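We've got the same protein chain twice here, in two forms, each standing alone as structure tokens: structure 1 and structure 2.
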Structure 1
């Protein structure tokens, strides 16, 4: 795949929506750049007695609608531009979901696969010590992301509480249930996507019971998506992949056997009873629904013309470039933007934050019911906006429509505050 700057892509997407909606130039200028970028270097004592200096980031993109909200990524190839892009997308995601948060994101350049549990804990606590004065339940609320877990969130919350001198469970979401986590949080991203898919197939006349689905990515989101789409709708997942390759079976793949193959061989391509395929082949497979659930920039101008799915459900962040977006739209493919599709995680993080603040916790069914209501309303807001512009003679993509809804809300909040 071609190398693309994710923050430039985020800016291009904003620029496209700003032009369509005739956004005030002052608001546009503010929204093209993050409000605050914190870069930290902090030491961590390793098991062998050496001390390693780690580089980390925390970006607060915009807080006009409320405290920042966004995950923390531990990745060896983390960059400040990736974190800036993700913080921008979090701004639009929270706004589109109409929850009272702004956007933020964090990251540390590290390889967790080469670290012991003790080193990982010291890294997690060291990062919070470095950024602690820039976060808080009313300032900026982190959460788990790539290669971070509920346990890591627990260490981080504990370290922040030591610094604050009192209990602040709402400083971080995605925590274990025992210390203030929310029921339904850990599959919430995929569950929210399922509610979006349920609404989307109505627009294409697809019966989910007979739908053929391909999932790129077998991390948490991809795994939960495969499990849910088969259990909730009876759909058939015919292709799935991870970073090392994929597997295809016209008869459909079995979730538990995939888990076993991954554990045994280290890859879903070790699944017995199917044919191997590459990630590129998976993206171009003949299916009803394609779910990119891996990393950024997977569908670009070079391969968008080969996509055959009727619906693309963007479960990953930024899997499709602006050029590819236009190509899919011209082909008549219903491409559902990431910050609509994968908003379930931040919505249930918001629920966790509310429950922490109140000290009162909801059962799983209530969490899912509230999630369904919010994401379904977001879906409706996007397509009402698209229809409104179409009636005026302007054809816009679902992504443009989602941006228009989200950007308008943030711009109005900034205007009310007197920022421009």
Structure 2
């Protein structure tokens, strides 16, 4: 089977939005390609005395709406096309959230699991030395992503500050609290998703207090979502899974006991007092809300017809294939797209940058209140756009509508700047 090129997929998604919204051809041509791709090779001294040459990238996709924004990935299978695709998706995510950033992404081909802490620090500093001239609080602002952590962001900020000769905490976000990180950042992705869910249930007449929920994945995104949905709304999470299997309980699962089961047995399926279920069964379970929070391509043409949830909240990136998207839409299932649902992380990153630039920090509640305002507005923008098209006789999915809102904003910014 032909390997799917992620950048080709990103271009095709743009093409289909461009067609529906009749996007100006000149804007479309600019938006099909990244503005800048930086490729670097840099040496790192290893613990055994050798020097290894590492290959990295930083892609600035579009900065018409503001500096680039996007994570840095440390991954052995990183490719420039993956980074380009992810930088395009960041452009749409930041635009949909209506924060003053363009899209960017970076990566280094490396296997962090085989590196000591010292090697990782030298790699992080070496990468910043190599790309330092292409980032900055007013240029392009990185953040953590796959296999990069707040500690790595701290080393990177420190290295950038040495190069700049002054303090610039806003060069990078996702930092530890003690050097300018934001309150509320740790669970911001799941928190943003909760505000979206609160709005979405109104469209289906579901009462969250009595709602039954299934969550696929018990990592950073899934576990916080599971915890928040029960604490904030009193909903029952009846099913949850990780890569080794899942657990079901009609009474509702308990967060602390799930953590304990994961620690003791290595999997949530070790939870006592429930019945085991497979990931396939979890996806197809009879619940009000399904939250895919694990990996991509989980709902496809072959199982979309069997989904029984009334709402699908895409907390993971790309959990649903385009074919499945159409099937869910035809079935009347409300599927909320990933770059709307999981935008809480980048929104709180934006708040971190604002606080750094001001030198004035907000308490957690203020961060969450501001997050709520922004994601609730994005939700409303998406459904208003869907309604506008419906009134014109064109049925579009929430994902199409989200693309239209995002692309239109970037196109207008480019037009104002005189790029076309």
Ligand code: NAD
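Positions refer to the first chain, counted from 1. Basically, rigid core = biggest C-alpha set you can superpose within 1.5 Å across the two forms. Keep in mind the model is a prediction, meaning the values are calculated, not measured.
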Legend entry - Assignment: the form predicted in complex with nicotinamide-adenine-dinucleotide (NAD): 2
Inset, instruction - State yes or no: after fitting on the rigid core, is the Cα displacement of residue 143 between the two structures at least 2 Å? - result: no
Legend entry - Cα displacement of residue 73 between the two structures reaching 2 Å, rigid core superposed: no
Inset, instruction - Could you check whether the CA atom of residue 236 moves 2 Å or more between the two structures, using the rigid core for the fit? - result: yes
Inset, instruction - Mind pulling the C-alpha shift for residue 295 between the two structures, with the rigid core superposed, in Å? - result: 3.4
Inset, instruction - Superpose on the rigid core and then read off how far the CA of residue 252 has moved between the two structures, in Å. - result: 4.3
